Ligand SMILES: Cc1cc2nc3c(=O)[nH]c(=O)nc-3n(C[C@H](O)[C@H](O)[C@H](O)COP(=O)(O)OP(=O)(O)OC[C@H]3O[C@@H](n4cnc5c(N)ncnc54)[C@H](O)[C@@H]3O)c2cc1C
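Next up: a single chain in structure tokens, the form predicted alone.
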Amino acid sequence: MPEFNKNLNRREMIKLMGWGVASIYLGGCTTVSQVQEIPPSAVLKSIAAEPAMSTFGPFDRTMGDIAPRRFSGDVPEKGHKILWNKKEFIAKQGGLPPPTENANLVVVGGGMSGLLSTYMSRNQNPILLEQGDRFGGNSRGESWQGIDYSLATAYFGVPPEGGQIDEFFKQIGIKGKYRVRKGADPIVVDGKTYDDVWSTGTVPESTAQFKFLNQHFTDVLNEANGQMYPEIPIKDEEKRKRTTALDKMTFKKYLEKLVKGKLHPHVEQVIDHYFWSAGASTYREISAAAGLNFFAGDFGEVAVAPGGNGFIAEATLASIMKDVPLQNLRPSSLVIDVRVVGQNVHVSYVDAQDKLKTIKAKSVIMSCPKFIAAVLIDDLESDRLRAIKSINYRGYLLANVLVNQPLKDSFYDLFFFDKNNPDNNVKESALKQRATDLVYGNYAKPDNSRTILTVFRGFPYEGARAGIYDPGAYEKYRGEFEDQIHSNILPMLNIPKSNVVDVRMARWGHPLPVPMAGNIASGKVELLRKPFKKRVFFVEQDNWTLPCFETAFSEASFWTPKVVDLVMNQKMS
């Protein structure tokens, strides 16, 4: 089995550019690559008839034309009910049961980080526990008449030839089976479309600043003219000092120093709205290191696979299923307690039949959000707990619009905003703006008669997450989506309302940790990443508060070999 623990090269680290939905949606296309038919990988062909994949794989392909009127995405009810009342729940069960099963390794969380960790440790027969009924986390998808589409993460950086991610894609059978997006994002301001705003500007007064920043971001990406690309996760010690210095200031402050004054209002809104979409945050709060990592990276190429990043998740799961016993892959399994006992770790979980069970493992990989880890592990260190509690999590909604006609416009991501929105009050502006952009959902595999449009709405302010879990949230937000879709988006694309077959909504309450200024410089990242009692390892995007596929891969490739080494050299006590 090839090793994945070597440092990623610079070009791969440049691909650690998206965070939150930055590897999800940001990156449109006015100059597109030639469309080619994308055949399914050999791996996916071999498991096409596998009932297990249909039952708990990342894609739900069971829906007809009209889906049930409910959210896809998060299914938090069981977790909220039990975890937020953990002590009472355990007491009602008569305490945690003793272990009835031994394992080398247990992976907690079946999203992308958990799948990657399981794949990289597959020779140790790991047990993978996922609270949802399908693996994939927010790298999941659905299907409409044979067209797969994403429920969240939709693209990734094009991996350099011969690099670690390229080698991984080759192993799981998906190398090259995606479409490359090139070019600038089209932007619509008050109904007027700008195909390449970074070259032309929006109005004469903005043009010079757009062009100046265009050159700067390009130089950062290519490390030209004395510029440095801030790699996150940090692997290059020579760059650590400069990246840490950038982390101490906000992206807004960095840009204002760069232009020696205020940004033009249109420049400011274009940049800020990207971050609303990319991470449900603003350029006023994220660090300059994270801002440059993301924004400069977006000036490079990105790859879009059929069904988004669920395509990677499905191929990874299929490869795992070839080597790991099927009974070790356990969806609908809610972990409620993780504790180190002597030389082992006890993992207690509620299984698919609502029975409380405990596994004794040599080691555990936590691939769940940090705020969940803080609930599962009762005796976490106080400094780590403070670091976890300081993470700002944000949520978002999206709507997949199923349209009975092909898309004539050649773009991947189309942003739109009202230049008169009151951006000094982010909450007021976001509530007025609602959705910020739409993605061509079947961009990787266009259809001659059907189109899927993915409309994204982030909540770039504190306190919004609770609202999207309200009992009436589905009908409230569906109404707002449909109003914006029918009154603005469909006319913009010349699509008759009568051609819309269905609108399917997905909810993600807390997938996006905000890379606030100072997260790296303060040492918070090191507190979040360090193993617990030499037995529990944390492999998750929250480690760097920079969630994207590449961060998950980087952390899995760094930590999993250490876990495997521990497991292979330890006897079960």
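This one's a predicted model, so the numbers in the text were calculated from it and none came from an experiment. So that there is no doubt, residue numbering starts at 1 and follows the sequence shown.
We do not show the form predicted together with the ligand, though everything after this point is about it.
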Answer among 218-226, 136-144, 320-328, 91-99 for heavy atoms within 4.5 Å of the ligand in the predicted complex: the stretch 136-144
The one residue among Ala361, Ile174, Ala289, Val335 placing a heavy atom within 4.5 Å of the ligand in the predicted complex is Val335
Hey, in the predicted complex, is Ser121 touching the ligand, heavy atoms inside 4.5 Å? no
Given that the partner is absent here, does Gly297 sit within 4.5 Å of the ligand in the predicted complex, heavy atoms only? no
Open item on the list: Even though the partner isn't displayed, in the predicted complex is Ser281 close enough to the ligand, meaning a heavy atom within 4.5 Å?
Closed with: no
Any of the heavy atoms of Gly57 lying within 4.5 Å of the ligand in the predicted complex? no
Margin query: If the criterion is a non-hydrogen atom within 4.5 angstroms, does every one of Pro186, Gln269 and Asp437 touch the ligand in the predicted complex?
Written below: no
Of the residues spanning 424-455, the ones with some heavy atom within 4.5 Å of the ligand in the predicted complex are none
